[in-house]
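For reference, the chain that follows is the form predicted alone, supplied as structure tokens.
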Amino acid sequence: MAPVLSVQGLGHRYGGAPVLRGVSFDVMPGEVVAVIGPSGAGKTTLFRATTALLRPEEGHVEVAGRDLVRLGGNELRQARREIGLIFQHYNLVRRLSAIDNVLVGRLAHLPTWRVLARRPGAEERARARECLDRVGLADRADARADTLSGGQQQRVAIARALAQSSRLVLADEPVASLDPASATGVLATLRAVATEHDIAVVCSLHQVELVAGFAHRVIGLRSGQMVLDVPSAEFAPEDRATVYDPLDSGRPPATNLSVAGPSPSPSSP
């Protein structure tokens, strides 16, 4: 089985200072990977490179076998259809209903006249309702986004990525604004959607305590380097120290991590 996302030797600098240095990893279909690290570790730059919002100075980013670094124009737009994005602050159109926000994920798949006329069609609306049902919001399909709770809005964002038929979802601090109960619920929904639909998920998290119940693998970044890549079941206090407090961890940080081989098949939550 081929990886959905393959990051190879990624390197980048800002003003001469390295922010990514030789980062390499693969993510398989249905696999959920949590990316952790202190502020300034390079997580944002990694996500920007993965969506081709930034052209890295070194290395390659392949999504579904296509190297985004080498693509441009229409080819790049087509490749980006494979990537769903989930943001910290939901990025919904607040005055639109939940179902209309989900339909935004289908715009790239619709004929231009339907987009301009705002008439997606009955089949597309049914698909959007199915996606909302999958995240437990079928009964709120017609509610305005700004009447939903933070956790519900984030689940609408997950439904939108599902409607987009994304093969890869990048979630940038998706639960940073939520209370612990809502955060756990959102991450459980995201993991379930990933494993059931073979969607690869890469999610940056500051709440390290949530990693074990959510991700299949944990990748740690520090100072632009990958210093950790372990199954979440093996994520130990000393691993956390390696990422966040290496001087007190009792061992030097890893500076020569190779690309991880395929991890065990993800299991359903």
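Residues carry their position along the shown sequence, with the first being 1. Values in this document were obtained by computation on a predicted structure and should not be read as measured data.
Another form, the form predicted in complex with a small molecule, is not on view; read the next lines as being about it.
Visitor: Among the candidate residues 82, 173, 124, 100, which is the single one with a non-hydrogen atom no more than 4.5 Å from the small molecule in the predicted complex?
Guide: Exactly one residue meets the criterion: 173.
Visitor: Which pick from 213, 38, 231, 65 sits with a heavy atom within 4.5 Å of the small molecule in the predicted complex?
Guide: Partner contact (heavy atom, 4.5 Å) among the options: 38.
Visitor: Work out which of the listed stretches, 26 to 34, 234 to 242, 57 to 65, 41 to 49, brings a heavy atom within 4.5 angstroms of the small molecule in the predicted complex.
Guide: Answer to the contact question: 41 to 49.
Visitor: In the predicted complex, does residue 19 come within 4.5 Å of the small molecule, counting heavy atoms only?
Guide: Answer yes; at least one heavy atom of residue 19 falls within 4.5 Å of the small molecule in the predicted complex.
Visitor: Using a 4.5 angstroms cut-off on non-hydrogen atoms, would residue 206 count as touching the small molecule in the predicted complex?
Guide: Taking the distances in the predicted complex, the answer for residue 206 is yes, it comes within 4.5 Å of the small molecule.
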